[in-house]
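A lone chain, given as C-alpha cells: the form predicted alone.
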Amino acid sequence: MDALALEATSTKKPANGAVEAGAPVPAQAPVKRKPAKKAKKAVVFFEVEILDAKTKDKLCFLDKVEPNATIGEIKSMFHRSHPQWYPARQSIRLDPKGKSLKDEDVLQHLPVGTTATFYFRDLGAQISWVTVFLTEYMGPLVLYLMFYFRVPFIYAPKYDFTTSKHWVVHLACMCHSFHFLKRLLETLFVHRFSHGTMPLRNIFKNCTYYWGFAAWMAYYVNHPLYTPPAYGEQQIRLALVIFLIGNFSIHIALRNLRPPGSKTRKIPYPTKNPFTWIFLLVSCPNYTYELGAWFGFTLMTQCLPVAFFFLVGFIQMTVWAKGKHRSYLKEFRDYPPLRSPILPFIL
C-alpha cells in the first residue's frame, strides 16, 4: 500500500483531540468583548452670589446651581428667598450699571467663573403689557364717545344729548372708534410681546397721554360751534382714504415672525399682502401706517388739537423707530441696507 492510500484510509482523529500536522485548522468564532464603559463627566456646579447693585450688600447665595441654569431660573431661586421681588420686577446684571441679562441667558455661557457674582436692581411693581394696552385704548374710545353724544356737564345744558349737523363729525367719530377698537382687538388676538410686563408707574403716564389728548380732540371736534374743513367734501374724502390706508396695519405679519411662546427675533420681510411691501423701504412700517392714519384724521377734522396730537405722536414714534432700526442693524449683519427707520429715504 503506497503512501497516498494510507493517507486516504486514515480518518481517525488523535485521541487527545490535537490536530494532526498538516491538517487544516477549523475557523473559530470571534470572541465578543463588552465595550468599555465611558467614564461619566463630573458635573461642575456653580456658586451664585447676588449683590444689591446700589449698596453692594449680599442679598442671596445660591449653592450647587447647575451650569445649564438660565437667568430666569436663577430669578425664581432668588424669589424663594425674597418673596417681595417676584421675577418680573428683577433686573439681574453682570455689572451694577450694566444692562439687564435676558431670562434665556444660560449661566455657563456667561463670562463668569464657577463662583458667579450678579447684581440685582428692583424694577418696581410691574403690570402686564396686555393690561396696559387695554387700559390705554379703552379710555380714548369711551371719552370720545362721551363728547360725541354730548353728555351733560361738557357743553351748555341746551346741547345735552344733541347731535352735530355736520356729517364730518359723525365720520370722525366712526374713524376714531374704529381705530381704537382695532387696537383693542390686536392687543387681545394679534400682539406677541417680547416683554411680559412693564413698570406700573408707566401706565399713569401713558394713560395721561392717550386719555388727555382724546378728551382735548373730542371736545373741539364735537363742539356745537365746530366748522367743517375749508375744502369741504373733497378734503374729507381724501382724508378718509389716507386714514383707511394707515389703518391697514401689518401687525399680523410682525406677529408671524415670532412663534408662540418664543422671544426669537427675525428680519421682517414683505409677504403676499401688498400692505407689507413697504418693508422693502422701512424698518417699522407699523409706525408709518400709524402716522398716516393720524395725518388723515388731522386732514379730515382740520382741528388744531388733532394736529398737535399728530405732531407729538410723530416725534415719539420716530424715536421708537430709530431705536428699533439700530437694534436690527446691530443684531443682523445681513439686514437690508436700503431701509429707513420710519419714512422711506427721509427718516
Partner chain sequence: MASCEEDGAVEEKENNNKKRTKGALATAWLTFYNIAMTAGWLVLAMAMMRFYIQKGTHKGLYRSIARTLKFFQTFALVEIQNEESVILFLVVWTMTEITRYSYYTFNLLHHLPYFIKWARYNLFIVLYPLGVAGELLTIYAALPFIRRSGMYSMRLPNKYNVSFDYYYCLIIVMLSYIPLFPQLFFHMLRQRRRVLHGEVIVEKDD
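Residue numbers count along the first chain shown, from 1. Note that the structure is a prediction, hence the values are computed from the model and not measured.
There is another form of this protein, the form predicted in complex with its partner chain, and it is not shown here; the text below is about that form.
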item	value
The single option of 62, 293, 303, 69 touching its partner chain in the model of the complex, heavy atom within 4.5 Å	303
Heavy atom within 4.5 Å of its partner chain in the model of the complex - residue from 150, 75, 183, 89	183
Stretch in contact, per heavy atom within 4.5 angstroms of its partner chain in the model of the complex, of 138 to 146, 221 to 229, 80 to 88, 102 to 110	221 to 229
4.5 Å heavy atom contact with its partner chain in the model of the complex for all of 133, 193 and 201	yes
4.5 Å heavy atom contact, residue 320 and its partner chain in the model of the complex	yes
Distance check, residue 210 to its partner chain in the model of the complex, heavy atom within 4.5 Å	yes
Exercise: residue 287 in contact with its partner chain in the model of the complex, heavy atom 4.5 Å	yes
Heavy atom of residue 121 within 4.5 Å of its partner chain in the model of the complex	yes
Within 4.5 Å of its partner chain in the model of the complex: residues from 324 to 339 (heavy atom criterion)	324, 326, 327, 330
